[in-house]
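Look below for two forms of one protein chain, each set out as structure tokens: first structure 1, then structure 2.
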Structure 1
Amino acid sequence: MVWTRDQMAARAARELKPGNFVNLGIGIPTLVANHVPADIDVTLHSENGILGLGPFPTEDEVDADVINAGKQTITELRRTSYFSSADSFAMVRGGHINLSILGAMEVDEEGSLANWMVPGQTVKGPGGAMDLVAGVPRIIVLMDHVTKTGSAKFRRSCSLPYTGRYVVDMIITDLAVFARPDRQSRFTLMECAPDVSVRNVMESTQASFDLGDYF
């Protein structure tokens, strides 16, 4: 049984550390806001100019004026603050965000990331992703393990234009978790989703990786 997107987000939330300032990218990463452990004090950041995002609202809590960078409605906390996009990116570029959780189209075995365009398709641009991978010291990627056509998204090398080179520290997919202690090391398979075998992961992965002691 593969992990659902909510389960992937919950697994990413286990990586949050007390006191962290954490940027949540568009897509699956926004779900992390719903899974922040009650005993962990972290501050969630959105590059449209918000510090202190709460979880997604219930139907009665929806306020169309309170949105994240993906234009999804969110809830406020007592400490939520708002500021300009310029100030938001100054926080990112100045190294004031501890962790960014991003979506991806592809990640390669060297930790390079492609998540902003497919050649030949109309795109709005890279958004804040290039700033985030350049300015944030730890990057976690949440993505499906394969494309809708079955192609591996964790690859020997990215076939799509790069967002950043050698920048990814952890990958969480619907099949497995990969991590590396530093950006010079190879990725290691840390855990598999329930009923997903190491063989299943290897058959769905183009990149090379190490098997941890767990396996």
Structure 2
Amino acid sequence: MVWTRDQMAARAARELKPGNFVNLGIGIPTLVANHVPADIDVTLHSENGILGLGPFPTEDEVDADVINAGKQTITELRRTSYFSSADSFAMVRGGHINLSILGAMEVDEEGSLANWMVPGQTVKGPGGAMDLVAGVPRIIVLMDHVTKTGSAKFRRSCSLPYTGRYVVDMIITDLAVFARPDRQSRFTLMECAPDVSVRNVMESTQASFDLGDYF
């Protein structure tokens, strides 16, 4: 039984530490906010210039000047601060954001990732993804284990243009969790979804990885 998107998000939420400043990408990573344990105090960052993202607003609370980097309406918290885009990315580039959780099209076994363009398809631009993977000291990728057509997304090397090289610390998919202690190390399979075997994971993965002590 593979993990649902909410279960993946919940697994990622377990990586949050008290006091962390966290940037959540668009898509599945956004769901992580719903799974932050009550005793873990984290502050969410949005690259358009907000620290302390609050939940989505009620109809009455909607304010066109309070949006996140996904252009979604959000709300303020008591801790919220606003600042310019330059100041926002100074936080990112300077390593002040503790953790970024983002989606990916492909990750390779060296932890390089691709998530911004597919040659031949319309290019929308990198947005803040390259800045986040280059600047944030801990990068967690949340993605489906294989593409819609069934090909492996955790690969020997990326086939798509890179967003960043050697930057991913942990990969959480619907099948499994991979992690590595530092960016020079190989990835180790840490967990599998219920009833998903190591063999299942290996068959759906192109990258080589180590098996943890658990297996």
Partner chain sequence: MISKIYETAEQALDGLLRNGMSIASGGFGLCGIPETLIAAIARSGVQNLTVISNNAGVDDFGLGIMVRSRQISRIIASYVGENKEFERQYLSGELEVEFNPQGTLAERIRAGGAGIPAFYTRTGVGTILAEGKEIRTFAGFDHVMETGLVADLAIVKAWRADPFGNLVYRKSARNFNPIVATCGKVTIAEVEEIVGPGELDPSQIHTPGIYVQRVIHAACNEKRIEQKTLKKEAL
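What you see is a predicted model; the values in this text were computed from it and never measured. Take the two forms, find the largest set of C-alpha atoms that superpose within 1.5 Å, and that set is the rigid core. Structure 1's sequence is the ruler for residue numbers, which start at 1.
As summarised for this chain, the second structure is the form predicted in complex with the partner chain, and the first is not. Assignment of C-alpha atoms to the better-fitting of two rigid parts between structure 1 and structure 2 places residue 113 together with residue 210.
Rigid-body analysis between structure 1 and structure 2: the smaller part rotates 15° against the larger, C-alpha superposition. Here residue 58 exhibits a Cα shift of 7.7 Å between structure 1 and structure 2, evaluated on the superposed rigid core.
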